[in-house]
Structure formats: C-alpha cells, structure tokens
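Take a look at this one chain, the form predicted on its own, written out in structure tokens.
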Amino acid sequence: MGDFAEELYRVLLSTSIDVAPILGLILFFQMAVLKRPVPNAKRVILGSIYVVIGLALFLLGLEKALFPLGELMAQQLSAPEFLGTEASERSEWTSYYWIYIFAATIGFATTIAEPSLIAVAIKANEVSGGSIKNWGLRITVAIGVAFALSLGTFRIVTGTPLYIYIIAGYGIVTIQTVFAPKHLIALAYDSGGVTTSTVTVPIVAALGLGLSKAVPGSNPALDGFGLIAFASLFPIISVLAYAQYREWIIHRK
C-alpha cells in the first residue's frame, strides 16, 4: 500500500507539472488579454482537479496494466513453444496467424472505445443532420485500425521496411481523395488522427514492442515502432472507401 501511495504521489506531481502550463496560459489570456474574470471559477478549479486526478490514475493504469498486458500477449502468442519451433529459429510468417487475429481484434475493440473518436462521431452526426451515423463512422474507422494492426504485425514478423507500406498507403489515400465525396474528405483525414489517442496508443505501442522482442532477428528499436503510423493511415482509407461506396449506392438508386 505504501509503494502504491508513493507511485500515485509521483504521478500526481508529474501530471500537475504537465497541466500547469495549460492552465497558466488560459488564465493569462483570460485576465491579461481579455481582462475579464474567469467565468464559473469554482467549477473551473474543481474541473481542473478532476482532470489532474483522472490523468494521473490513467497514466498509472497504463504503467501497471495496459503496457505489461500488451507486451505479455504479444510474447505469449509468438513464443517458440506456442508456435512449435526452436527458440533460435525464425518461424514462417504463416505461423503467427494468432498474432494477426489478436492485433485485429484488439485494434477494433480499442478503437470502438476511443473517446476521441466517439466525440468526433457525435459531432459529425450533428453537423450532417444525421446522414453520417455515429456507429457507422466508428465501425468503419475500427475496421481500418483492425486491418492496419494486422498488417503492421505482419510487417514486424517478416521484417519488411516500413516505408514501403507507408508510401503505398498514402498513394492509395491520394487516389481516393481525388474521387471521394468532397464533404467527407476532411472527416476521413481527422478520423485517422483521433484513432491514435488515449486508449489505442498504449496497447498498440506495447504490442509492437512485445512482438519485436519475441520474434528472432527483430530489433525493437527498428521493428517495434510503426504500428501507430498504420493505425492513423488505414482509417483514412476505410472512411474514404465507405464514403465512395455510399456515393455509389446513392447514384445507383
């Protein structure tokens, strides 16, 4: 209990230091530039305290649970005894199918639960008058992330260069942008950004690092990173594809 209290105090102090410049900047503009008192000062102070406590608990949870869990699952699913190979051998990429399935499912689940995506989906539904469905957008983005993480783990297993996938992916996005409905292009690009937020990033980063440590011949510094880039790229492709499909259906009708 004493160790936990000490760690919580450390994280709370660190979070307070990180949040302080933001609050200071807001107060400076409110009082020095706008020259007005802070509206609902008590609620703002209470809300700031909640933010600091919430962030501290979240960061502590990442450190104690999500990071170790992601690495553990990746190492267990790619362990030689699980794959039926020797520890020094590099298995065929087809032997890691459980890793691909796990990456896809965890990517889909974390994206559905991503608070940033939920907020964007709600606003998109409001400004579009209901034509962009909340769940439709979230599921489309989640499918993109699921495919992205599955492909990203395949890249780690095979050891192929990251730039090949990124160049090819953005080439597809560029072509899609030319033909996609113009009113959904900006939303598609934003959908790629909001997937790499509080819930998705810690698990994805831990998954990549854990897998690169477990696969013989992989270098965590070179191969362990890059999954987040996949998770921000492929949702753009999936949302643009969904927009093009909807446009095609409307024209057919």
Partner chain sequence: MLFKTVKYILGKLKAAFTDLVPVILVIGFFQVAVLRQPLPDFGDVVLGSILVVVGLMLFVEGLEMGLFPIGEAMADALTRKGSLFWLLVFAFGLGFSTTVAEPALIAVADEAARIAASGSFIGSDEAAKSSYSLGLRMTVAFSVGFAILIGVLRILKGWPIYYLIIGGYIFVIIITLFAPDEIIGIAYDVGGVTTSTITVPLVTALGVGLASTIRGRSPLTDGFGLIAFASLTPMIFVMLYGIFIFN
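Numbering follows the first chain given and starts at 1. Each form is matched to the other, and the largest set of C-alpha atoms that superpose within 1.5 Å is called the rigid core. Quantities reported herein were computed from a predicted structural model and do not represent experimental measurements.
Note that the form predicted in complex with its partner chain isn't included here; everything after this is about it.
Contact between residue 80 and its partner chain in the predicted complex is not found at the 4.5 Å heavy atom cutoff. Although the partner is absent from this view, residue 248 stays clear of its partner chain in the predicted complex, with no non-hydrogen atom inside 4.5 angstroms. Using a 4.5 Å cutoff between non-hydrogen atoms, residue 227 counts as a contact of its partner chain in the predicted complex. Among residues of the shown chain, residue 123 is one whose heavy atoms approach its partner chain to within 4.5 Å in the predicted complex.
Looking at its partner chain in the predicted complex, residues 30, 105 and 166 each place a heavy atom within 4.5 Å of it. Residues are counted as partner-facing when one of their heavy atoms sits within 4.5 Å of its partner chain in the predicted complex; in 176 to 196 these are 177, 182, 183, 185, 186, 187, 189, 190, 193, 194, 196, in sequence order. When the rigid core is held fixed, the Cα atom of residue 113 travels 2 angstroms or more between this form and the one not shown. After superposing the rigid core, the Cα of residue 212 is displaced by less than 2 Å between this form and the one not shown.
After superposition on the rigid core, the Cα atom of residue 197 is displaced by 2 Å or more between this form and the one not shown. Three angstroms is the minimum change: in the predicted complex, the CA atoms of residue 113 and residue 202 sit farther apart than in this structure, by 3 Å or more.
Here's the thing about residue 128 and residue 179: their CA atoms end up at least 3 Å closer in the predicted complex than they are in this form.
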